[in-house]
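Only one chain is given next, in structure tokens, and it is the form predicted on its own.
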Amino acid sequence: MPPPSDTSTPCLAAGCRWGGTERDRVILYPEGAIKLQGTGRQVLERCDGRRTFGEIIQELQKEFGKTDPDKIRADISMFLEQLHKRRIVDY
């Protein structure tokens, strides 16, 4: 599957939704659930179908300014690709 482009608008796939508590957020999907913490949670909370992949990357690069911007882009792209393959995220 191709990685998201800068103009892609990532969002939770059909049948997937947020669950759990504010402190212990999870993504519920037909085959199970994924508990989200740290950066993974920050990425998916921005995948609202309104922000583009490019905008999400820019926001996270500002937040993690000391980290190599290319590494941020590569890591987030790989994370979303994995979730896309599992039909948890669409873009």
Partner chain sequence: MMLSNPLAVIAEITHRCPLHCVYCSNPTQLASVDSELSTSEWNDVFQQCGKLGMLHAHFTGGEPLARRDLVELVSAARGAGLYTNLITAGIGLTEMRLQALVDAGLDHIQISFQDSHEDVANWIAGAKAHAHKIELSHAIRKHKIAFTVNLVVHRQNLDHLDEMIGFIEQLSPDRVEIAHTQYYGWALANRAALMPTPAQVERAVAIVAETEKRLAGRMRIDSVVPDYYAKFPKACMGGWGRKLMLINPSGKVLPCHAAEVLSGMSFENVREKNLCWIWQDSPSFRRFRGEDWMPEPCRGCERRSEDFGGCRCQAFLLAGDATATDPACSLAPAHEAVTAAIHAASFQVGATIPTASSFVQLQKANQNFWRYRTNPE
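Residue numbers count along the first chain shown, from 1. These numbers come from a predicted model, not from an experiment.
Beyond the structure shown, there is the form predicted together with the partner chain, which is absent from this document and is the topic of what follows.
J.: Check A13 for me: does it contact the partner chain in the predicted bound form (non-hydrogen atoms, 4.5 angstroms)?
T.: Residue-level check for A13: yes, a contact with the partner chain.
J.: Evaluate R17 for contact with the partner chain in the predicted bound form, applying a 4.5 angstroms cut-off between non-hydrogen atoms, and reply yes or no.
T.: R17: yes, in contact with the partner chain in the predicted bound form.
J.: Check P30 for me: does it contact the partner chain in the predicted bound form (non-hydrogen atoms, 4.5 angstroms)?
T.: So P30 counts as contacting the partner chain.
J.: May I ask you to list the residues of 77-91 that have any heavy atom within 4.5 angstroms of the partner chain in the predicted bound form, in sequence order?
T.: Sequence-ordered list: H84, K85, R86, R87.
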